[in-house]
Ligand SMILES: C[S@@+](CC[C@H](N)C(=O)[O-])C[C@H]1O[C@@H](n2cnc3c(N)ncnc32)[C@H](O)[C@@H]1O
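Next up is one chain by itself, shown in structure tokens, the form predicted on its own.
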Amino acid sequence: MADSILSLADIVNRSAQTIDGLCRKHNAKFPDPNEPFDVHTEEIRNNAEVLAAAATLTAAAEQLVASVWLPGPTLIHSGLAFHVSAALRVAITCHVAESLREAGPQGAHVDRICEGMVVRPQTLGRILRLLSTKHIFREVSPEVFANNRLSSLLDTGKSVAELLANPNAKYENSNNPLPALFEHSTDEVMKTASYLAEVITDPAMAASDEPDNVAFSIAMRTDKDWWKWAESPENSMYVQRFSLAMSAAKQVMPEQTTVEGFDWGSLPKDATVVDVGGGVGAASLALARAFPDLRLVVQDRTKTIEQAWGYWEKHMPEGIASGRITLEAHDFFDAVQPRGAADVYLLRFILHDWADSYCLKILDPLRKVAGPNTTLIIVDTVLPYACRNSNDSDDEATPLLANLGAVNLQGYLVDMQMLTLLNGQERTAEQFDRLLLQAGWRVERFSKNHIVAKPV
């Protein structure tokens, strides 16, 4: 056990020295956690070598804490972590990041932060102290708080006066969609997740693949699945916030990753790419700009395609006029794929929304019309196991978890979100392999976020 602790500590130390050396090499200062987020100061952290060292350091440090700290308190912290999520939502709702931005680096007393609101200063102070203990905000003196690098990401950029005057328009015309993502996650998503145990221990619900028979159904007291629930006028506030939340998620996985994940240049001139369930066509736009010889078909439901016309008229009207871009109303659950044997079918973050039985309904029509040279490209998170298996080529002598623990935690959290909201899931490579074989596709290669398959 002591050897493992020393090994982990050594990894932390060596990784920190690597980061320090790279900062010196590039004459850059590593971002100060006590300063507000600034995209320019983050450039060194996004350097590929620095990012790799930071990932190793983070994985080792988190595992080191889990190894050395008391088991009881460690488990208690995990069991009560929902309080941190609840506190985060309070900070967003009470516009704390905006108030502290206006106060400046010296921060503001909770009395000042609460001005114009019914929130009691003493209560808000307790909430912000919890968040400061998790390094979200800083308590610079008793009851006085200031922004730091993490908390500044909660700032919409608007004035507190504007937010107090019209709180329901908090996210309209904001240049930062991240607060919408955080509030979506700490509101309906967190409420939904609290019913997970009830669902998986209920005989009927546990055996169901249906998207309207999930934890979300219990939490929101509805017999509709999320998609139909979102279409109800009374839920428009949630939907608007969700749309902004998804635009924030795209910052983590931008459309450009679709361009970089496959050798599109290897396709013949005028090859047809069908973007199945492509929304308004943001990923297809990135492809159209990078590969002008491709012909792209964006398919989605009628209402979405109606919005897509405006999107393409704004960003690439010449693509529509030339016929190179086609916008087509089509539900991917329809039994017939109207495009026939395309060169490529693209499914970008579609399958993770659905259980396997529904994924087969999406994949089957594509397989029926696929030609021998058709390629299926799936853009989705491919989850690694937390253990090593026979397919791993990494050094097994390392004490680190095979999936690097905290570094890749987000994928597993999103997996739980898919499970509780939609009955969907993120999948491992083996799960994708089985699913696609069942649908008549053979995987040719995997990457972290791309699966390339051919007809069996």
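Residue numbers run from 1 along the displayed sequence. Predicted model only: the values in this text are computed from it and were never measured.
There is another form of this protein, the form predicted in complex with this ligand, and it is not shown here; the text below is about that form.
Contact annotation: T374 falls outside 4.5 Å of this ligand in the model of the complex, judged by heavy atom distances.
At a distance threshold of 4.5 angstroms between non-hydrogen atoms, G278 is in contact with this ligand in the model of the complex. Shown alone here, H95 lies farther than 4.5 Å from this ligand in the model of the complex, counting heavy atoms only. Mapping the unseen interface onto this chain, F332 counts among the residues with a heavy atom inside 4.5 Å of this ligand in the model of the complex. The candidate stretches are 346 to 354, 72 to 80, 157 to 165, 287 to 295, and the one lying within 4.5 Å of this ligand in the model of the complex by heavy atoms is 346 to 354. Between this ligand and the residues K250, H135, K361, R112, the one pair within 4.5 Å by heavy atoms in the model of the complex involves K250.
Out of the listed residues R89, K224, R301, H315, R301 is the one that sits within 4.5 Å of this ligand in the model of the complex by at least one heavy atom.
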